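In structure tokens, the next block holds one chain alone, the form predicted on its own.
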Amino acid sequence: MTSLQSIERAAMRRDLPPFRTGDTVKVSVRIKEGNKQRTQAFQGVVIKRHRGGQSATFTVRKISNGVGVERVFPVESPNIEQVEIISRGFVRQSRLYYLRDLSGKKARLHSKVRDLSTLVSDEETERRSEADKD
């Protein structure tokens, strides 16, 4: 491992949940307007995860007033306050571009219970267990 990779690994965010393509998420984004700040929620289906490390992004798609809206979020952005997983979707593809052509009930994804223990780090499980004890 190079020194650059070790620096990037140390600076990565660890507060985001382990979401994947197909999951319905609610992303809380901090928006600055003039000298005021507010939080805006964007809820939709994750249709793509791109790369890893510092330049990782994910694309969320939702339907707003009958029009499909997609928004790309950098994972390491300080403007993202939190990502909340609303529901898990079971898909077998990493890119869900076919959802762009579907509407209504056809655009729904099936859900399936997944074992997420391999996705959560040991530090996170210890922190959650200590929080449950309190």
Partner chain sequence: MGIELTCKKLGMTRLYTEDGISIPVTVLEADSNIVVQKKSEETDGYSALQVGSGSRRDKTISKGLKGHYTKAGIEGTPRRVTESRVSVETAAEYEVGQSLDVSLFNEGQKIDVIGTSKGRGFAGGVKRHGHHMPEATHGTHENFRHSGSIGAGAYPGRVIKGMNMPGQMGNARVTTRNLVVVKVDAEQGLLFIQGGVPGHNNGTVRVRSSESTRKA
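None of the values given here were measured: they were computed from a predicted structure. Residue numbers count along the first chain shown, from 1.
From this point on, the text means the form predicted together with its partner chain, which you will not see here.
Note on the interface: of 87-95, 40-48, 63-71, 24-32, the segment with non-hydrogen atoms within 4.5 angstroms of its partner chain in the model of the complex is 24-32. Contact with its partner chain in the model of the complex holds for all three of 4, 7 and 76, each having a heavy atom within 4.5 Å. When contacts are judged by a 4.5 Å heavy atom cut-off, residue 103 does not count as touching its partner chain in the model of the complex. Its partner chain in the model of the complex comes within 4.5 Å of a heavy atom belonging to residue 55.
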